[in-house]
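First, one chain by itself in C-alpha cells, the form predicted alone.
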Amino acid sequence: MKNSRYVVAWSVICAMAVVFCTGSPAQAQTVLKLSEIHPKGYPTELADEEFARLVELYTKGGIKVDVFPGGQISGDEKVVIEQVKIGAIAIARVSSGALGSFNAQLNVFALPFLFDSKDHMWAFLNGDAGQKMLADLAPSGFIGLCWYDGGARSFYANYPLTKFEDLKGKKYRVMPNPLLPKVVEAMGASAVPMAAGQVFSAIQTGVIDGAENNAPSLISFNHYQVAKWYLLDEHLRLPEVLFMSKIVWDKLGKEQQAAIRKAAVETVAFQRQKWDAYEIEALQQVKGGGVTVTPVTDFTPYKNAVKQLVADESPKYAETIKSIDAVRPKK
C-alpha cells in the first residue's frame, strides 16, 4: 500500500512535469492540458478550442493549451475535477452541477426552476454576484475563468414519458451532486448518481429508466438512440464552468494569468452563439431520430412537487438567491 502511494504521487509529479517542461530553453513553452467530456464540434468544445487559440495568441506562444475532447482524459467529471485540484490537469470545462460537490456555493444552481429563462440566468452570471462566485472558487483550489451556457435540463426515458405522472417510481440518472438526487426524488422518481459516460449502457440494459439533460447532450452521448421519449419540463439550468487548477495558476507569471483571463472572457459570447444554434439543431436531430418530444405547457405539478425542497434548501443560498431575484425579469 505504501509503495502504491509513492507510485501515485510520482505519477502526479510526472504529469505536472509534462505541463511545465516542454521545449528547449531558447524556445520555452508552457503546455497546459484542458479536459472536455463532450466530442469535437460540441459548443463547449468549440469554445475550448477558441480559448486555446486566444491563449497562445495573447501569450505570444508562451502558453499552449492542448484540448482533450470526448472524455479522452476521463469521461467522469468528478475524476477530472479531482485531477485539476491536485494540478495533474491544468484546465477543465465541467458542469456547475459536478463542481458543486467540491464547492458548495455552486449547488444553488441545482435548485429547480431557479431561473425564469436563459436571459435571466445570464443577467445573474454576468453581474457582480455571478462573477464573485467564480472568484470564490479559489479557496477550493480552483481559478474560475468564465461561465458557459449549458441549456435547460429535462427528463428523457426508454418508456412512454409524456406527463409528470409518468416519472413516478422510475429510476433516473443524475450527476454526482448533493442536491440533484433530492430534486428527482421530490418528483416521485428514484435518483441514481452516475458518470455521463455510463448512461447509454445503463439505459440500454434497463439499469436505469432514463436521465435528465439538455438536447445537445442527447446527441453528443447518443442517448437519443436508447431513450425515445423526451419531456421538456426544463427543471434546471446548470451553467458550465471553465476553470483552472490553482496549483498550476500560481506557477504562471502575472502577464500570463492576465492573458488567460482575457482569453476566457472573450470566448463567452462565442460559446453562447454556438450553443444557441446547436440547441435548435440538436432538438431537430432528436426528433429526426425517432424521439417523441413533449413540451410542458403547465409547470404547476412540477413546481408543486419541489416546493418544499426549495423552501428547505434556499436558506443555504440566501444571498445568492437574493441577487438572482434582483435581476429577475418583471412580468
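Since this is a predicted model, take the numbers as computed values, not measurements. Residue positions are given as counts along the sequence shown, with the first one as 1.
There is also a form predicted together with a small molecule; it is not shown, and the following applies to it.
(message) Quick check for you: of 121-129, 213-221, 105-113, 83-91, which stretch puts a non-hydrogen atom within 4.5 Å of the small molecule in the predicted bound form?
(response) After filtering at 4.5 Å, what remains is 213-221.
(message) Can you tell me if residue 38 lies within 4.5 angstroms of the small molecule in the predicted bound form, counting non-hydrogen atoms only?
(response) Yes, residue 38 lies within 4.5 Å of the small molecule in the predicted bound form.
(request) Look up in the predicted bound form whether residue 95 has a non-hydrogen atom within 4.5 angstroms of the small molecule, and give yes or no. (result) Yes, residue 95 sits close enough to the small molecule in the predicted bound form that at least one of its heavy atoms falls within 4.5 Å.
(message) With a cut-off of 4.5 Å between heavy atoms, is residue 133 one of the residues that contacts the small molecule in the predicted bound form?
(response) No.
(message) Considering non-hydrogen atoms and a 4.5 Å limit, does the small molecule approach residue 240 in the predicted bound form?
(response) Yes, contact at 4.5 Å.
(request) Name the single residue among 196, 167, 143, 248 that comes within 4.5 Å of the small molecule in the predicted bound form, judging by heavy atoms. (result) By the 4.5 Å criterion, the partner-contacting residue is 196.
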